[in-house]
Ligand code: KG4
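Just one chain is shown here, as structure tokens, and it is the form predicted alone.
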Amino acid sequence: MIILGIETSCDETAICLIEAKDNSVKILGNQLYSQVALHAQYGGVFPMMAKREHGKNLTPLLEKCLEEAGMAESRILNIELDKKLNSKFKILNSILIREEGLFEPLLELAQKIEKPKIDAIAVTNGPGLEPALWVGVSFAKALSTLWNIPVIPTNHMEGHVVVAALEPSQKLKVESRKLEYKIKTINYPAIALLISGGHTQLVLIKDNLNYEIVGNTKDDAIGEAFDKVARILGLPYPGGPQISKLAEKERQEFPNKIPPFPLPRPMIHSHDLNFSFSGIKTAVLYTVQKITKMTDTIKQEIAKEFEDAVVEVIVKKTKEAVEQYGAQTIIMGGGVSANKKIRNDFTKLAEDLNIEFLVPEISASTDNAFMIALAGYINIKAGKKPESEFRAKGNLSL
């Protein structure tokens, strides 16, 4: 089965083609355009700018992805086929009428290449920035109309969960220039920690695709807190990697230093599985306001203490969730899962608890279409039916 994945939930425009069979997945083509540089000048993501950039980049990325997969065959002149194609253009225009920059390029592509042999389209329909989501949803519906391919609306956070269960198949890598993976069997129940710019959630996974959110943030998500603290320290956007870089430098240079600017561990003793990161952000702000002269050394010290504090909280809460629900596996996903300290501390936690820890490769941690195509395939295997009348939902839950 060949599945096309489409991801436009925030500021990454991504297209991926996978070939999946049983528990084996091969990447046929994978294209991504990051808008980070565009939004960096504003210190955060502007939804309408993200929407416009998605519309500009989706069709070129699709064409590159098809070329990479060897599926961009030039169209052969066929009068009857052209008549059928022309009859669809009005429908396509009505689907894409609100999506700037999509109709004309897609029209040109349809006239240039043959219908590719794709069995299904998986598209992110939430959660995320709703204007950005709508571009991907409309694009998927247009492709479905154009090529008569069924569409599976896919939860973005589910993509972050399922991609953690992949392991590279070294033997198959040698035989093929395309990346191949095996889908690992997950021991349930599992606890998933989803950490990103918009989410901090603990999810109980009772069985395959059976989710229950058991812990959530009361205010800022962890990635949002990293970015806000970075802004307070005068660091560039996106702030998470900048904070982590300074924190790691401080650990290596002064491994035994007592933190000169101690910060609270929010909700660490709350006796529930919820989170709050707004208070620690404010604590950093008050700390900085009391400093008469900010230096690189002080920034480094604050960055380390901030990272230590939030990691201590998420580790403790996850441990409590594992013990409360008798979990046999910890799964971690979302862009913040690329953080080195978080990965190291959770690896140790899983070893201490004697359970498995699943986390995606660094390249698959941030938003991408590979995870969406994979989630679409797993849902199809589980019996989920294609849909034609669905919407983008910015607050879609697992």
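Quick note: we count residues from 1 along the sequence shown, nothing fancier. Since this is a predicted model, take the numbers as computed values, not measurements.
As for the form predicted in complex with the ligand, it is not shown, yet the points below apply to it.
- The shortest heavy atom separation between residue 29 and the ligand in the predicted bound form exceeds 4.5 Å.
- For residue 266, no non-hydrogen atom is located within 4.5 Å of the ligand in the predicted bound form, even though that partner is not displayed.
- At least one heavy atom of residue 336 is located within 4.5 Å of the ligand in the predicted bound form.
- Put simply, residue 138 is far from the ligand in the predicted bound form: not one heavy atom of it is within 4.5 Å.
- Three-residue candidate spot 200, 215 and 318; no residue lies within 4.5 angstroms of the ligand in the predicted bound form by any non-hydrogen atom.
- Between 190 to 198, 248 to 256, 291 to 299, 321 to 329, the stretch whose residues reach within 4.5 angstroms of the ligand in the predicted bound form through a non-hydrogen atom is 190 to 198.
- Although the ligand is not shown here, in the predicted bound form the stretch 86 to 100 places no heavy atom of any residue within 4.5 Å of it.
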